[in-house]
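In the structure tokens that follow, a single protein chain appears in two forms: structure 1, then structure 2.
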Structure 1
């Protein structure tokens, strides 16, 4: 694959850089009014959903142009491209591939405009690592499904308006991946209850969601009945293939390197310690491996090939690196690593302490490391099923 950019693509890069020079909020993401105005302007340029078809509100741009756009935004630490993360990352791509025209017109414009948030109803108390064994049940009655059951570890459920939900619509199946359907459920539906789950840092990104005779119109089913597993595989592939995660990890590592210059170990800056320097090098190499894997995925997309289970490789890398980088930062801080935010002696205002207490939100989302390892072993390497 030739990754040299065409003159037209380089001209687009120049356009993105000029836009960021003029419009990037001075205080990063801390000034919410400035961020909102920035989001409005990138939406006007149709850079949100930039590679999606124009007829549904996207920008109609090429995949390579979208890569350029994300690269330049990440390098400048710009606010996210759009305010509806889950909607943009995998709900809308699933709608584009499997949704009816009515569903596309109903949901995609709101996702692009960031009018509200989406959450994902996948994991259950007894089916986290084995998602296909889910038991949340939907029985069809006329033009509605009646949903009963429970979901857990549902990210941002407390402030989401809609959920993309996996339910079992058929029980007498030979393979557990069959008989599953995907529904789009309004969170204010009668019988739906959300209970926050506090993490160790006091945040409540996750929640339990209970369904007690929740009625969902059949028109809100995404894809064919009993074929929801295909929708899910497609949606998660989009989430796990994000190249922009590489730049986030790079920024974290660079911040840790700066931290190492200000913290001392054995009478000298931690940045001069051979052990820490070796770990910096290994992290750099693994982040570069993620970038190159992302290029493999990009090559498949440019060839018109669907993304598959190989995207779990980057998801696994990211999960492991999130934990290891946090542990590395706390080791560099030494005794100061046990202090919390608010103490004047705490480096980075307790950033890495909070990170250490809240990393499950990143590591669990989209499937735990053990799930990714099973997927890679079975579907990429062809090893026997666990």
Structure 2
């Protein structure tokens, strides 16, 4: 056990720090132009797609270097590493593993440059947690697939140029995971309609997407026909340290600390209330556990040991913590917790009210807590499937 870094790793950390000193936008993420310029420069450093092979424009960074880069970026609240979130998170990794040479050339540079957005068409009205039951249909006709059906909860569909789409290309299959294919679809294709859905916070970040005889060239299929499940769930060689998440949660906790000193309970600062103190500490211990769990996963990865479903541990912690921190903050605010941004008496400019209305992005968006528990119970503990 040793939590120190090698001189080479420390040198890389210094390089990142020096870069951030020089290039970090002054106004955080508010000034869009400054953020774009910053992202152009980290792209030049090859820190976007840092883990990917150099041949395809990645940075060829080692796992430890990725961790250090992420850590320094998070420490300084830097803008995201690259502008094309979903493209970077799973489209490009799938392209790297399953794409044709031509597909790679066509899409990966744009994803690295953040030229446009990608969205993800997996969920359907009848297929959420049970994703493999999906029904959106694609029938092959010559060099094209004709797509009919519907997707839902498609984040940023209205601002995306491309979609990574899962469709059913075969219906008479034994296992529902078979017969699914993965297509890359232009959002401007004729027959494709996007209808935004308003969420409980009042924003419209996701949408329904309808397919009415949408034609997709066969060359835009990613991976083999009927092998789409494998393509999209393939274990991506990601670094699993949860660093950015831990920094985000730590920052929330620090803000709660300040909030608790300014809010009152029975005429005393809320921070003196033993119940609140205990809940603060409980969250603090769990965030630290997440950080350390991440380091244990990382150590396994570095030793070349297989990393399995235990990473669901941190997903569940994060889901619970996102909810709990929002609840704790609103309870600390007491009566004022009912106000929202724009009211002159709302604490912290309504930050916690926004938080209390946004946790589903984390808690539901990436697989629900029940599904994570199933994964652990079945794949780690060896209990029967339900």
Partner chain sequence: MNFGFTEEQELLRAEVRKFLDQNCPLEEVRKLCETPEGFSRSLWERMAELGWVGLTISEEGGGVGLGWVDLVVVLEEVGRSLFPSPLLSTVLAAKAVDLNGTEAQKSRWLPGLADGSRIGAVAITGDEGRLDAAGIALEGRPDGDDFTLDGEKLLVMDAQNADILVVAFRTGSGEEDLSLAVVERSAKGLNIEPHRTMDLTRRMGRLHFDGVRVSADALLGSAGSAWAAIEHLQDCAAAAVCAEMVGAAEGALKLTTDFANQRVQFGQLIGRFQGVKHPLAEMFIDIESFKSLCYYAAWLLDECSPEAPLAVSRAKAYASESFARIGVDSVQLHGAVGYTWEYDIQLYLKRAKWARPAFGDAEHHYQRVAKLRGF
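Positions refer to the first chain, counted from 1. Here the rigid core means the biggest group of C-alpha atoms that line up within 1.5 Å when the two forms are laid on top of each other. This is a predicted model, so every value here is computed, not measured.
Participant: Could you point me to the form predicted alone, 1 or 2?
Facilitator: Answer 1, the form predicted alone.
Participant: Fitting the rigid core first, would the Cα of residue 176 be found 2 Å or more away between structure 1 and structure 2?
Facilitator: Residue 176 C-alpha, core-superposed: shift of less than 2 Å.
Participant: Superposing on the rigid core, is the Cα displacement of residue 288 between structure 1 and structure 2 2 Å or more?
Facilitator: For residue 288, whose C-alpha is compared between structure 1 and structure 2 after core superposition, the shift is 2 Å or more.
Participant: After a core superposition, would you say residue 68 shifts its C-alpha by at least 2 Å between structure 1 and structure 2?
Facilitator: Result for residue 68: no, shift under 2 Å.
Participant: Look at the Cα of residue 314 between structure 1 and structure 2 with the rigid core superposed and state its shift in Å.
Facilitator: Value for residue 314 between structure 1 and structure 2: 3.0 Å of C-alpha shift.
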